[in-house]
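Next up: a single chain in C-alpha cells, the form predicted alone.
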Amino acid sequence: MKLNHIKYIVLAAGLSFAGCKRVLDLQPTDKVTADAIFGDPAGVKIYMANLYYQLPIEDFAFFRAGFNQNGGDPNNGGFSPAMETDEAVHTEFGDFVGDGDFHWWDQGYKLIRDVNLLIDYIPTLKIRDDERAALKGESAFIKAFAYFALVKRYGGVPLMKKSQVYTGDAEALKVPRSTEKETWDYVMELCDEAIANLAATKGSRRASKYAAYALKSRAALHAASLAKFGNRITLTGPAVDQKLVGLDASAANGYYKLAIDASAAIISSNQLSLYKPNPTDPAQAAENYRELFQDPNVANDNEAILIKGYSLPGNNLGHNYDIWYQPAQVANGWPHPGRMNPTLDLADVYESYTAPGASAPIVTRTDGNVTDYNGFNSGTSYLQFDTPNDIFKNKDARLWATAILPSTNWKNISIIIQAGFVKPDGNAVIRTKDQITVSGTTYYSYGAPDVTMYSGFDTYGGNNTRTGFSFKKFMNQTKPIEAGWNRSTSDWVEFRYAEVLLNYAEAVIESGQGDAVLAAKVLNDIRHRAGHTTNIPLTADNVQRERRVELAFENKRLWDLIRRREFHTEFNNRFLHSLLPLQDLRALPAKKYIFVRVNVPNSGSKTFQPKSYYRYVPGIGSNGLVQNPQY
C-alpha cells in the first residue's frame, strides 16, 4: 500500500449531539463514523494508510516548515534541510536555522491521538490473531516514530499513552511534560512492542520487524549521543532543573547497548544485505549507488527496509526534487532549476582511493595549500588539468554518484560548470559574463555562449550553481524534467541496511560494547560497496566520515550535528566553500583548467545558537508547559 495514496479521513467520533431531531440528528454525509471505519477491516486499512501518511518521514517533501510540504503550490524556494548543514547551499539564499524551523508539535499530537483511537478499537475488530498482532505492532511503531520526532526536537514531552476523553473539564486534559529520559525510554518501549508483534517481512512499505529494529537502532543511538556529549553545551533554567531537557552521562552506555542489540538483530538475521556489494571498479560502484536512490525498489529484497512511495504525480502525491535540483542545462523549460549546490566542504570529505582512511581535500595548488580561500592570485602556482573533472580523479565513487561534477555527462549532456577564465595576459575574469577570441577561437567565461548552455556561476534566474557542484543523488536520469509542481515520483527509502551498519559501528566504538571485529567489518563492507579495497580501522573519526558520505542528503547530517552536540562548534562564524573551475588560456594552444578554492560567493558566515538544540514548546500560554531554555 502506497503511504500517500489515501486521502485524509475525518472521524466523527464524539460529534453526536442531543437535541433537535430534525436538524442535529441528521448524520453528516461528508464524514465517516468511527464504528463504520473500525468495524470493517477494509476501513482499518484505509485508516492505517492515513496514519502512515502523517508519519514524520524526513523525505523529499520535508522542509523547514514541516512534513508533506507538497500540497497546492509548494513554492518554498527550493530549500532543503541539507542547506542548514555543511552539505549544500541554496543557489541564491543563505539563511540558517531559525526558531520557527523544523517544528512538529500539533501535527505530532494529532497523529498520536489518531493512533490511540485505533488502539482502542483493535481488541474489538473481527480479524485473525496474526492480523490483530500486526495492527498492534504497526500502531506501536507509528507511535514510537512520532515520539522520536517529538523528543529529538523538544526533549521531554507529555506522554499520551491512551486516548483522552473530554468530560467538560479542559484542565483535566492537560498533561505535564515527562523528563527527556522518560520520553526516550517510552520510545524504546514502543519499539519493543512493535518488534514483538510485527512479522519479519522484507521489501514492505508498511512497518515490519526489521523496520522496528531499525527505528530502535536510530533512536537509541540518538539518545546515547545526547547523554555522552550533552556536556559539550551548557543550558540553564527550569526545563534543565526538572530534567525536561538533557540526559545524564550515565545513561549513555545503556542506550548504546540498545542501539547495538537492535542493529545486531538485523545483521544476525542474515535476511538483509547491501545492494550490489561487490562492484568491479569505482565506475560501477558509482552507478550502483546512484541506482539505489533513483529507485530504491531495486533493493527491495536486500538493502531497503522501509520505503515511502511516490507513484502518482500531483498535489500531495508527487514531489519536486527533479524540478528544483537538476542542473540548469536539463531544465526543459522549468524556470527554477539547479538550487541544490553541494559544497566543497562536503566534497573534501570523500576519500581518495590512493590514500584511503582519511578525507582527501581537493588540491588545487602545487604547494598543496587547501586552506586559502582568498580567490585567484596570478602569483600562485596552480595545478593544471586537462578536463574540468580531472581534479576529482580517484575520489570515492559516491561523490560521483551524489554530485554532478564539472563536465560530467548527465542525461546525455555534458554539464558545463565554469566560473571564468584566465586570459593569455594573466588577467582573470571570474563570475562575470565575458568572451575573448584568441587565434580565431572564441572562449566564454562561463564555458558556453548562452545561459541555456551552461549550469554554473551566472546569477541569471538564480539557477546556476555557485559552489562548482550540482546535484545528482535521487535525481531520475531516465526521465526529462516535467515543468510543473509535484511531477516527480521517485520513492524514498526511510530505513536502509547501510544506516543500520553505521549505527552499529558507531555504538560499538563510542561505548566499547559489542563486537568490535564485526563493527570494523560492516564499516568496511560499506566502503567496499563504494569501490574501496583497503580496510580501515574502526575509529570514531572513520565512522563519522563514512556516515557523512554514505548518508549524504538523506537528512541525517542535521540530526547528527544535533545529537553529538557538534553544531555550535562546527558552525561558529563559519563560511562554506566553493570550487571555481577556470579555463587557463595562458596554456593555449593546450586546453587546460585550474581551480580556485573560495568562500561561497555572495554568502555570509553562519553561527548555530546553543538554544537551537531544542525547539521552543508552542502554546505554553494555554497548555501551561515548561518552556525550553532561552526561549
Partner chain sequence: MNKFRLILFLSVIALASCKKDNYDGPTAGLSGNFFDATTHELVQMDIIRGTQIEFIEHGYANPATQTMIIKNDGTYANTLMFANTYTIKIREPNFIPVPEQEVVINGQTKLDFQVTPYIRVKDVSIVKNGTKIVATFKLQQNVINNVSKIGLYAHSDSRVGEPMRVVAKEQSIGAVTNPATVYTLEIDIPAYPNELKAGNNYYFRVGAFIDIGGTKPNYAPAVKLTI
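Positions refer to the first chain, counted from 1. Predicted model, so just to flag it, every value in this text is computed and none were measured.
From this point on, the text means the form predicted together with the partner chain, which you will not see here.
Stretch-level contact analysis of 325-333, 464-472, 236-244, 382-390 against the partner chain in the predicted complex, using heavy atoms and a 4.5 Å limit, identifies 236-244.
Shown without its partner, this chain lists N369, N412, T452, N231 as candidates; in the predicted complex, only N231 has a non-hydrogen atom within 4.5 angstroms of the partner chain. Out of the listed residues Y460, F96, Y373, Y121, Y373 is the one that sits within 4.5 Å of the partner chain in the predicted complex by at least one heavy atom.
At a distance threshold of 4.5 angstroms between non-hydrogen atoms, R565 is out of contact with the partner chain in the predicted complex.
Within this chain, P618 is remote from the site of the partner chain in the predicted complex, having no heavy atom within 4.5 Å. Not displayed here, the partner chain is kept clear of N602 by more than 4.5 Å at the level of heavy atoms in the predicted complex. Within this chain, F608 lines the site of the partner chain in the predicted complex, having a heavy atom no more than 4.5 Å away. Contacts between stretch 293-324 and the partner chain, counted in the predicted complex as any heavy atom lying within 4.5 Å, involve no residue at all.
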